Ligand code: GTR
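There is one chain below, alone, in structure tokens, taken in the form predicted on its own.
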């Protein structure tokens, strides 16, 4: 059933095995950056981290909270943004998330911080708007310092992904973290961002995409009539992407790739896609089929890819036995406690 549905989508092949995966993966990332997201900026000349606030008795003494200022120096100027760290006080190496968030609240309705820590995980988070605005203005924030031009450089998603990697730079200065279980996570447009950050930065051993939909985890070819399309997203949010992506608006079948390429670029690392049954705009079926298509690459590499029955998902299904995970929950577009707990369990494996 699933193979027939994929054939109907007429997807381009990710990997034929005619070259090494390492070589092919570099080609895929270059294609995705050139045609969709734009290329990330170069590394800063220098970085400094300043602890602005500390609470060692956070969550009733179970964790330490810190607010940190990250300052970067570039040939064109300096830029700084705040981020937040909550790390369990219990001794040992803690797996962790870098969460690209819509707000700078800790905890947040999209980030159940105490429950994440109760499961033994640290969580670093930042508000995406503290990096660069979510609009077509490229004159302020990180975009302004770097003098980004989406006609020849990257869009806003790539800049948010770049910031996630800079938070990872800070995480690497800490000895209390388990870098074999280091994940990047986000919801909606920031789920797209998490997938891009994970694909480009191999220090992330897993990427978690919550209802990222069009130009994230969902296949662009085909889908339900109520889904978001490349035409929709480029019409409303062209600044998320590089300028070249707009040529595929209404012409998805001409894309030299589809979004399963992005998921496959996590191989041999792990990736997880979460969908909500009533979130038809994000197109849960296309997100699911993207996992199925990307799973073939893992199998070609001799790895367990996407382990699922030969049918579409039902509400409550959780498929987490392979290196690609997926769940479908009831409800609408939201980053819920239930989503986080599925991510936690997947990363514990």
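From a predicted model like this one, the values you see are computed outputs, not experimental measurements. Numbering follows the first chain given and starts at 1.
Keep in mind the form predicted in complex with this ligand is missing from the figure; the text below concerns it.
**Student:** Consider the chain as shown here, without its partner, and state which of 132, 113, 125, 188 has a heavy atom within 4.5 Å of this ligand in the predicted bound form.
**Tutor:** By the 4.5 Å criterion, the partner-contacting residue is 188.
**Student:** Sort through 281, 319, 65, 39 and report the residue having a heavy atom within 4.5 Å of this ligand in the predicted bound form.
**Tutor:** Among 281, 319, 65, 39, a heavy atom within 4.5 Å of this ligand in the predicted bound form occurs only for 281.
**Student:** On the criterion of a non-hydrogen atom at 4.5 angstroms or closer, are 102, 192 and 240 all touching this ligand in the predicted bound form?
**Tutor:** So, yes: the whole triplet contacts this ligand.
**Student:** Indicate whether this ligand has at least one heavy atom within 4.5 Å of a heavy atom of residue 228 in the predicted bound form.
**Tutor:** Residue 228 belongs to the contact set for this ligand.
**Student:** Is residue 183 close enough to this ligand in the predicted bound form to count, meaning some heavy atom within 4.5 Å?
**Tutor:** Contact check for residue 183: no, nothing within 4.5 Å of this ligand in the predicted bound form.
**Student:** Classify residue 234 as contacting or not contacting this ligand in the predicted bound form by the rule of any non-hydrogen atom within 4.5 angstroms, answering yes or no.
**Tutor:** Residue-level check for residue 234: no, no contact with this ligand.
**Student:** With a 4.5 Å heavy atom cut-off, would you call residue 9 a contact of this ligand in the predicted bound form?
**Tutor:** Result no; residue 9 lies far from this ligand in the predicted bound form.
**Student:** In sequence order, which positions of 313 to 346 have a non-hydrogen atom within 4.5 Å of this ligand in the predicted bound form?
**Tutor:** The one in contact is 333.
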